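Below you will find one chain, with nothing else, as structure tokens; this is the form predicted on its own, and questions on how it binds or moves follow later.
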Amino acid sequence: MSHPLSPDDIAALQSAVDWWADAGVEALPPLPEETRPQPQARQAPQRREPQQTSREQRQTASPAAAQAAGYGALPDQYGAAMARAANDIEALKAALGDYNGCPLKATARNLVFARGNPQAKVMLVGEAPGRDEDAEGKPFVGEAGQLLDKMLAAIGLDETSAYITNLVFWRPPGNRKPTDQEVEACTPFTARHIELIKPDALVLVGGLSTQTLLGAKQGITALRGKWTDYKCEDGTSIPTLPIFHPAFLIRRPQEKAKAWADLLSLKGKLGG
């Protein structure tokens, strides 16, 4: 049973939509009829014009507005159950297509799932899609992705011998960092993704994926280059290597020597 939104709800939703547009979201799904502001609502004194709303307030309003539009309404346990029920990669991708538990789905153009060979020995898990990834529906295809491809090629890997995905499957508006809620909504699917691929080596690209999947509190600078084990829900242990995100290396090229050392460590682990 649906309930009409109050003028405050409508104002918050419109403010969030305006912010999404300002943040670089190219296209938004149509709002349900009942959530579209009517002339009376736009003239109501409760409405806050976008220029009167601070950036922090708009960021706070975005997840709530997405929930009002029908996203982010599923309890976490439903996402976990949907992920566990997927018996292969295609079923997992289909489950994500049906899942509305992550508010980012309301603002993204495409689900960004994976690219590469699911039979490969090495699986890489990045952080979240950016503008180019959102447009193409594939991870790591922008500037950072091109650098990642060059890094992999340097040790003899490409899309036929590596499988690449992200921790979060939809682009955060303006390429901001995903919130804890957004990460938690996606993590059961990422965990199941890893469990289904069962690579010989798992590479966590960047601090967010490393801290989330390993439950680590240290930053990527302290964790990179150190092999550890990722524990799957079925009890499988997978050798895991955290590395710098290529976007970080673009900003700080002086760290590329450390990244190269990590790549050589990965090559050695794969028997190369």
Ligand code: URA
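Predicted, not measured: the structure shown is a model, and the values here were computed from it. In case it trips you up, residue 1 is the first one in the sequence shown, and so on.
A second form of this protein, the form predicted together with uracil, is not displayed here; the remarks below concern that form.
Residue contact with uracil in the model of the complex: W170 places no heavy atom within 4.5 Å of it. Heavy atoms of E133 reach within 4.5 Å of uracil in the model of the complex, making it an interface residue.
Uracil is not drawn, but in the model of the complex it has no heavy atom within 4.5 Å of T107.
Although the partner is absent from this view, E182 stays clear of uracil in the model of the complex, with no non-hydrogen atom inside 4.5 angstroms. Heavy atoms within 4.5 Å of uracil in the model of the complex belong, among the stretches 77-85, 155-163, 124-132, 95-103, to residues of 124-132.
With contact defined as any non-hydrogen atom lying within 4.5 angstroms of uracil in the model of the complex, H245 is the only contacting residue in 236-257.
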